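Encoded as structure tokens, the following chain is the form predicted on its own, with no partner shown.
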């Protein structure tokens, strides 16, 4: 914390000298305090809970937790409405997207047809233009997915579900830059979101059957006598058991054999299958289980025989992986790192793992055990924000309830800070600990972002649709939430720096780049 404060104060001092903002009236408190002030619960504690369980506290979310009480509000977050009501302007943006209007299978086939048409072009110059158009379409679909993800993160009332969606997308990472995954990632995320607070076993099934994962980790090329171990290895090492769980290379090889035949069919044709295996053939959209590519021999996996019988083998393997004690501990510890501490107390992890085992991998039950722990309460306000948390929390606080029209600036900020959506190339996902994100360069970038947001010049309200129009939106950070609770959590040095701000823009930038705002 001291190192972060030193870095930030140095950056702030330099930036303040450069600030040439036009002098306006000094910032002052505005608006009535939220309802929290009238409740018996401590509003500062509720602020800390909001900053940990949501993508960032806002005045409206402070009113919600104050009205419900912390315990009831947490239960509402653990049991979210299946179809949360988004602000109409947000829902309209999502509804207008191609990825919302076109079923995933149709979209994937359309992109594939475009690729094949490109390949068939003989003239090099024409093929180059077709390739550029194909890449633009993939990029457009990937941006739609990122834009939709950001809109849900900023405005969904199911804030815990949105954080868990990001967590699982990171846990079951896919890199959109590979092949045509940009066209797949939006559907992949929607399916992960639907199970983000459900049972871990169902998440495993969703990810293991989705074309995005099958393409990313090469299982689409995994076939009998031509095996590819990539997915099997990561399924055990990164998705379930963890690297030190005692499984062997033989287990990886046997799981690889179990996974043979699980792939993608973009041809639209049904393969001719041997009569004895015709009943095993399965197709759902562009996902396919092809018996012709499956190894039907028996396998010895994690010390037990898996009888060779087709797609049911993977169900049996996923059951073993999801219910293995090592998975309970590995997943629980990772959740504790995300929500509690870079080095979570072993006793807390063990209690969470016990909840995992007793509930058959119910994610909400594991989180409930964590939220009710003394360790969780003691950790509030001490977890360093990674870039995604920083950007989302800054925009949510600055523009509570005002719908952004353009997510591109946020995408650019996350890219600059090295945590773009769907852009982590390796299957381990982004780091969840402070040492990965607390460098001087990172802090300098955060101050620049703070200054951009604080001045109202971020471009978040400049519509990309023609004719482009920028709707001015100056953020009022000296607002009800600030005076009701945030102000009371600030260090005297931060309050002194805010007192020295000469313009509202500078005051906003100092608050968003303060050491306290770096924590959740």
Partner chain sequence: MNRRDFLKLSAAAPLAASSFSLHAAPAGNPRLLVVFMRGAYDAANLLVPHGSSFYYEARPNIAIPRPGAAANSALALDATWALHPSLRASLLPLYEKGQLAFVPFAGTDNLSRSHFETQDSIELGQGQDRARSYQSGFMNRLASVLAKRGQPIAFTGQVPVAFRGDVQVPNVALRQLARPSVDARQSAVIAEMYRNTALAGPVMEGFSTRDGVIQTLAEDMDAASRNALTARGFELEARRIARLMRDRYNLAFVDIGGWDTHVGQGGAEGYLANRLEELGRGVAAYADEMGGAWNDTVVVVISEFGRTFRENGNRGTDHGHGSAYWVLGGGVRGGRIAGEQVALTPATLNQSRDYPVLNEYRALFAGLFGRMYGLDAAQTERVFAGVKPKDFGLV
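Positions refer to the first chain, counted from 1. Computed from a prediction, not measured in an experiment: that's the story for all the values here.
Although it is not shown, the form predicted together with its partner chain is what the next lines describe.
- Interface residue among 84, 271, 441, 401, judged by heavy atoms within 4.5 Å of its partner chain in the predicted bound form: 441.
- Only one of 75, 319, 448, 95 comes within 4.5 Å of its partner chain in the predicted bound form through a heavy atom, and that residue is 448.
- Contact with its partner chain in the predicted bound form, defined as a heavy atom within 4.5 Å, is made by all three of 497, 506 and 513.
- Residues placing heavy atoms within 4.5 Å of its partner chain in the predicted bound form fall in a single listed stretch, namely 237-245, out of 149-157, 181-189, 131-139, 237-245.
- Among residues of the shown chain, residue 409 is not one whose heavy atoms approach its partner chain to within 4.5 Å in the predicted bound form.
- Its partner chain is not shown here, but in the predicted bound form it comes within 4.5 Å of a heavy atom of residue 226.
- Within 4.5 Å of any heavy atom of its partner chain in the predicted bound form lies no heavy atom of residue 42.
- None of the heavy atoms of residue 278 is located within 4.5 Å of its partner chain in the predicted bound form.
- Of all the residues from 394-416, those having a non-hydrogen atom no more than 4.5 Å from its partner chain in the predicted bound form are 415, 416.
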